[in-house]
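Take a look at this one chain, the form predicted alone, written out in structure tokens.
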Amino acid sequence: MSLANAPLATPLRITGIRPEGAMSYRLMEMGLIEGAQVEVVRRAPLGDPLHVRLGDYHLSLRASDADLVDVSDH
């Protein structure tokens, strides 16, 4: 499943970043790398952007960018 569709308040593990030009590199530079633990804290009223906890810091991501991040609950 992608991070954009992930349930709220559920610890997830990043399983990969889908290649999409420079944006995939930008996501990895922000710390969204394979094996990292991530959690969707909340979504804006219309679903975009997402507030995400990654380790000990927080990010806001567009849903289209979060859709490039594959996650698993194990």
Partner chain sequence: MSHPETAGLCTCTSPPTESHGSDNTAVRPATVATVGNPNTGKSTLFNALTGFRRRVANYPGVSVDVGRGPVRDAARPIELLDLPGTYSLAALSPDEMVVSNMLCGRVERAERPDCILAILDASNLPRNLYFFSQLADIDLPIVVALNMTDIAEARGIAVDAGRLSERLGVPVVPMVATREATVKPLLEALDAALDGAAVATRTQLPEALVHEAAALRETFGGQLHFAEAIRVLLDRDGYAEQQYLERGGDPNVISEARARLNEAGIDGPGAEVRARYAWVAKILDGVISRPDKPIRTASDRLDAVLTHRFGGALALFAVLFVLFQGIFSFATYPMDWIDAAFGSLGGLVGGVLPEGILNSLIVGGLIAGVGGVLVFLPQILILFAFLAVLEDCGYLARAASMMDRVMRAMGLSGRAFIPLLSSFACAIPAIMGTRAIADRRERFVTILITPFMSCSARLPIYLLLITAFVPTERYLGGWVGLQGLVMLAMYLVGVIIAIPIAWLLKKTAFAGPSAGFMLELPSYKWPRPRAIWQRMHFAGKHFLVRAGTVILAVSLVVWALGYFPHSASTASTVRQKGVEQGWDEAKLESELAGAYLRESYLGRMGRTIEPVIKPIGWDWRIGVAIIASFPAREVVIGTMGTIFNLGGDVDEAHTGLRDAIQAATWPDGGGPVFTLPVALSIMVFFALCAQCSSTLVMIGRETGSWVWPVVSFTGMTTIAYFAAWAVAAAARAAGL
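These figures come from a predicted structure and were not determined experimentally. Residue numbers count along the first chain shown, from 1.
Just so it is clear, the following notes concern the form predicted in complex with its partner chain, a form of the same protein that is not shown.
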At the 4.5 Å heavy atom threshold, is Ser60 in contact with its partner chain in the predicted complex? yes
For Pro45, is any heavy atom within 4.5 Å of its partner chain in the predicted complex, or not? yes
Would Val40 count as a contact of its partner chain in the predicted complex, using a 4.5 angstroms cut-off between non-hydrogen atoms? no
Within 11 to 41, which residues come within 4.5 Å of its partner chain in the predicted complex, counting heavy atoms only? Ile17, Ala22, Met23, Tyr25, Arg26, Leu27, Met28, Glu29, Met30, Gly31, Ile33, Glu34
